[in-house]
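Single chain ahead, by itself, as structure tokens, in the form predicted alone.
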């Protein structure tokens, strides 16, 4: 039965042409701060770059696309499901299983180890804890030996890798990365982009990087620009 369900899931995923699609999105913090966003289409397995200067609403848009904020108007389709119409536990489960988000700040629970933080991500998605998968992904990103360390004991680079692990742990269909390279020098920028692209390709996931870092422009054929 489990094999059948897994096969059904992957076949459905492959047959979905647009993994991410938004239409008519607007968002308002108040009457003085509001945004109107361009329509977006990212195909299944595609890797996209969303560029914009400070104040253009990049992070706000990422939060809307990831189901962390409700738009004032418009729709966001992920895996052909309109997440703007989901609420509460249903939205949390869907996001936990289908969307991996890499934030500018890691936001780990500091009292827990890295392994326990990844277990928490599985629990929030109503998935069984899978320590073997956790260790596999940590090893893949060369931080398996840090699984029992608390987040504050990791270097900035190790925390970034752990954040990527958390975004990948539930096998998401869509990975959203918020400014993953903005504070990095050229060498580390290259390494992080390689990691994100390689891991997204390995998972068959659609990747969107949201950034003002123009160094990434040569790495992505699909680019969307926001204007203030």
Partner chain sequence: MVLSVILFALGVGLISLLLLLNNQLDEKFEKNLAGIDLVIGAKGSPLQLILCNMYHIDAPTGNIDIADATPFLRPGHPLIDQAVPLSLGDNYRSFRIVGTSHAFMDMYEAKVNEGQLFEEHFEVTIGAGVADVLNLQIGDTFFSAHGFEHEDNLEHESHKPFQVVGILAPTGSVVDQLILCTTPTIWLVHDHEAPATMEEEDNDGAHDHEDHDHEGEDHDHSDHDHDHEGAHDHELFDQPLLSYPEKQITSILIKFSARNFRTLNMQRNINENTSLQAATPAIEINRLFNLMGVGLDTLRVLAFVIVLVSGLSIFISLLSSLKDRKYELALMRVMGASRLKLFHLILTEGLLIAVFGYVVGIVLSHVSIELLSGYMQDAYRYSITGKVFLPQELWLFGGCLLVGLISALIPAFQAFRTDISETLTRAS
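Residue numbers count along the first chain shown, from 1. In this text, all values refer to a predicted model and were calculated from it rather than measured experimentally.
In what follows, reference is made to the form predicted together with the partner chain, a form of this protein that is not presented.
- With the partner left out here, the partner chain still marks one of 130-138, 71-79, 153-161, 84-92 in the model of the complex; by a 4.5 Å heavy atom cut-off that stretch is 84-92.
- At a distance threshold of 4.5 angstroms between non-hydrogen atoms, residue 143 is out of contact with the partner chain in the model of the complex.
- The partner chain is not shown here, but in the model of the complex it comes within 4.5 Å of a heavy atom of residue 117.
- In the model of the complex, residue 63 approaches the partner chain with a heavy atom inside 4.5 Å.
- In the model of the complex, the partner chain lies farther than 4.5 Å from every heavy atom of residue 58.
- Contacts with the partner chain in the model of the complex, taken as any heavy atom within 4.5 Å, map to no residue of 33-58.
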